[in-house]
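Here's a solo chain for you in C-alpha cells, the form predicted alone.
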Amino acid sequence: MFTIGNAFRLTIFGSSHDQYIGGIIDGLPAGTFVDSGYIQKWLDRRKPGINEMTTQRKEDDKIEIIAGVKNNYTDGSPLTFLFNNGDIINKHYDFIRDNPRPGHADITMFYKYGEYRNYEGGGFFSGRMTLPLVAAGAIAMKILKDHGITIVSYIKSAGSVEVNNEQIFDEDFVYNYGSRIPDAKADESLHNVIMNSIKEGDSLGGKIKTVVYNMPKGVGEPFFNSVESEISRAMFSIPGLKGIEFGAGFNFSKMRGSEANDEFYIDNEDIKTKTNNSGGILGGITNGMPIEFNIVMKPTSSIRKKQDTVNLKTMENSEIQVVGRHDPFITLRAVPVVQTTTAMVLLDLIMSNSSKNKW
C-alpha cells in the first residue's frame, strides 16, 4: 500500500490486473457529505474506452464505498472504497515477463522486486492506479468547490497543436471537447494527429495546464511542505508524468527581474499583482492570485512498432512488439487525474495550514 497526505491522507492498494483496486481516506471529519454522483462524474472522465482516441479496455469503474460513510455522510472512520477490475487479458503480458518494454517500469520493477514482481498490466506501476486518485480527488474537489475554489485543467499542447487561450473556464468546460484541448479548431487538429499516430502504431505526448481560482492566501510552508513541493510530489505519482513548471516556469531563464517580478496594486481593498509569473505562490505560500502550473506527459510507452529490448533469462538482445489495448495519447485521460489530484493536495494543505485561513 502507498500513502500520501498529512491531514487528508490517501492510501491506495491493488494493481492493474488484480481483482480489485481501492483506496482508504483518513482525516475527513464526521458529517462530511459524500456526493457519489459527483465522484462518478470524474471517474467516468478518466475511464478507458470513452472514445476512439483512448484504450479500448472496457471497465465500468463504478465506485463501491464499503466503509466510513452512512447515509451519504462520513462517520469519522476511514472512508474505504473499491473498484472491480473486470476486463483482464493476462495472455498479452506473457512475453514481457522476460522481455521488458522500453519506456516502461518493467526493467526497474525487475531490479527492485525480482522473480516475484507483479508485471501483468504493469502491476501497480500502471496508469490504472490513478483510479483511486480520482475518487479521492473528486471528494476533495467537491469540498473545495463548496468553499468557492475552482480547479481547471486542460490540454495546452500536444505535438504541433497548441492553444494560448487565457480565458477563465469552469471545471467542466474542457470536457465538451473530445481531445480535451479547449478550442474547436485545435480539437479537430489534435484528433487527426492522434488518429494518425494510431495508424502508425505510435503514440503522442502532451502538456496539461492547471489553474486554481480563489485559493486562500497564506497556505503552505516555506520549506519541505511548500505548495510547489506538495503538488509536485503528487503529480510525479501519476504514471507517465515527466515534468512540471509553475507560473512562467522555464521561461524565467529568458527574463530579467524587471520582467519577472509581479508588481502589486490595490483592487477594492485587496492586494493583487499586475502579472502572475510566480503562479500564485511566493516562498512556497499562496499569495491569493490563481495557482498556475503546467505538467508534461510523455508519449505512451506501449506502441505497436518493433523495438529493441533484452531477454532477462538468456541475457541476450531481443525484439518486442507490444500487443493488447493501450492509450495512444494518455494525456487525454490524464486531464481529470491532474485536476482531481490537485484538489486532493490543496485540501490537505488547507486542512494542515497553521495560518488564520484554516477551515
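When you see a residue number, it is the position in the sequence shown, counting from 1. Because the structure is predicted, anything quoted here is derived from the model rather than measured.
What follows is about the form predicted together with another copy of the chain, which we do not show.
Shown here without its partner, the chain carries F13, G76 and G103, all of which come within 4.5 Å of another copy of the chain in the predicted bound form through at least one heavy atom. The closest heavy atom approach of Q40 to another copy of the chain in the predicted bound form falls outside 4.5 Å. Shown alone here, E245 lies within 4.5 Å of another copy of the chain in the predicted bound form, counting heavy atoms only. Another copy of the chain is not drawn, but in the predicted bound form it has no heavy atom within 4.5 Å of T54. The shortest heavy atom separation between T150 and another copy of the chain in the predicted bound form exceeds 4.5 Å. In the predicted bound form, S197, E200, D202, S203, L204, G205, G206, K207 are the residues of 170-208 with at least one heavy atom within 4.5 Å of another copy of the chain, listed from first to last.
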